[in-house]
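Taking the form predicted on its own, here's one chain by itself in structure tokens.
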Amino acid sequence: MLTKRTDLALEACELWRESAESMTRLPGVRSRERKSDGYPVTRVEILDERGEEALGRPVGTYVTVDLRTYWKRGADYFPRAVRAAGRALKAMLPESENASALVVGLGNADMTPDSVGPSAVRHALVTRHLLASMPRQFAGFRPVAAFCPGVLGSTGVETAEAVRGLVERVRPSAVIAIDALAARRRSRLCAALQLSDTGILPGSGVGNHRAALNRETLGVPVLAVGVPTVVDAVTLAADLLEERGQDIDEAALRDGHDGLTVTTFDIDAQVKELARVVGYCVNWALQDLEVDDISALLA
């Protein structure tokens, strides 16, 4: 059977159920759906080794916010998206109200589908230096630092090395890593956010996996926020053929097409907008602020 690529736990569940055919219960995995501020939210919990084996992901919680209706521009579509994602992220943060955070924007700022992380960091409220110099004026804010490590080809430094060194120096209570992801369904391109408490593999969205950023490698909880910006071309072609009831010739599909990814024609505008959603959702989760307050502080 052809291996279809996705970074979304929700889609990994879908693929498992398709391969299992008559079996519907996924061992070691618990999933539930609800709505948050009008957006569908799916929570997938991988509970043990059986779930890890079935989905190919570590034990932990994966929350997907479905933003397909976001692009219909309904009432308060932006603040509702921020709150829906922010609520999921806030539930994963360390319980202490004063817990500090390091926000890391992963990816290549010069490659649009991979620029979600650096673009989102531009919308982060950075407060660590302000709390150090003006503690009274910024009382009640969490200390937040932000960092974009760039990519190995530009810096000569592995992302994990750069982030590990900064974590040792800054000593945050948690790291929030933002990156681009790959989806299986073209309908989820720039139309979903995945939040997880298991860390992240930098470069996963463009098929260039680097060393993992997680609790084991950094020594602190690593929360991940990802936006699917690309679809693997072979996966997309296979799904389109299956939808038409045609047989799949895996060798023919992969011949010369491995490593080819597909994105939307207006990816620049979509990444710019969703990066703002992600940046605001991080601020909403970390600080006791509403969307209008965040906008005023970032102006």
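All residue numbers refer to positions in the sequence shown, first residue = 1. Here the structure is a predicted model, which is why all the values come from computation and not from measurement.
There is another form of the same protein, the form predicted in complex with another copy of the chain; it is not shown, and what comes next is about it.
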| property | result |
| --- | --- |
| 4.5 Å heavy atom contact with another copy of the chain in the predicted bound form for all of A233, L236 and A252 | yes |
| Proximity to another copy of the chain in the predicted bound form (heavy atom, within 4.5 Å), stretch among 91 to 99, 160 to 168, 176 to 184, 134 to 142 | 160 to 168 |
| Distance check, T261 to another copy of the chain in the predicted bound form, heavy atom within 4.5 Å | yes |
| 4.5 angstroms heavy atom contact with another copy of the chain in the predicted bound form for A192 | no |
| R73, heavy atom within 4.5 angstroms of another copy of the chain in the predicted bound form | yes |
| Another copy of the chain contact at A146 in the predicted bound form, heavy atom, 4.5 Å | yes |
| Heavy atom contacts to another copy of the chain in the predicted bound form at 4.5 Å, residues of 105 to 136 in sequence order | D110, M111, T112, P113, R122, V126, R128, H129 |
